[in-house]
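Just the one chain here, laid out as structure tokens, in the form predicted on its own.
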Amino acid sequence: MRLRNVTGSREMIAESRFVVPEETLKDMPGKWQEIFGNHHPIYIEIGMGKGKFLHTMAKDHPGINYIGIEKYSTVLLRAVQKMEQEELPNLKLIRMDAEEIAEVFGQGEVARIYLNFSDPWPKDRHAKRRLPSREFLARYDHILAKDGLIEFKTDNRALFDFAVEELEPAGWKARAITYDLHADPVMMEGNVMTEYEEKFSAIGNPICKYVITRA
């Protein structure tokens, strides 16, 4: 998801009222509903890219609070620009590394986690950096509500196979799974496509998806 560097993007993000200041994140666990000013459930997307998916979801579901997390300033800037064009009160943005996720949200504070077209980190020695890895599932276990769900989509079959294999040893189970999302009418219901999903499905790549919960 890394784009060509935009000079000053870090500074522009820091000045945006749509982005939660980095220096306040460690004080946020348990306080996110206060930020939104309501008690609606909180859904997060880790690695939100340019923000199309989450902006659409927040617009379509005003009774849910959404938080988009992105590591790269240049990419997050695109999501900020979407908010400048159409501000949504139930969407906040964060620039941070996903490895710190359990330090930013309190235990059980998040109702749903979206992982969309995550970096595959193809080298074996980098497996623990993959967002659907058992290392990250342990982090999600801390912040996800008891009945919370994780949804993961990718066109990378090797990454998806890895993600499925991680479930049992990590203590999770698939509630729903497909290796061709766009040919599955049940799992396609209400589907919102990301930029990558539009691109890859247009050239015929099947999209894999699972919805998981704790075993």
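Numbers follow the displayed sequence, beginning with 1. Small disclaimer: the values here were computed from a predicted structure and weren't measured.
Omitted here: the form predicted together with ligand SAM. The next part is about that form.
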| query | finding |
| --- | --- |
| Stretch in contact in the predicted bound form with ligand SAM, which is absent here, among 23-31, 55-63, 40-48, 144-152 (heavy atoms within 4.5 Å) | 40-48 |
| Exercise: F105 in contact with ligand SAM in the predicted bound form, heavy atom 4.5 Å | no |
| Distance check, Y196 to ligand SAM in the predicted bound form, heavy atom within 4.5 Å | yes |
| Close approach of R112 to ligand SAM in the predicted bound form, 4.5 Å, heavy atom | no |
| Proximity of E135 to ligand SAM in the predicted bound form, heavy atoms at 4.5 Å | no |
| Sequence-ordered list of residues in 114-130 near ligand SAM in the predicted bound form, where near means a heavy atom within 4.5 Å | N116, F117, D119 |
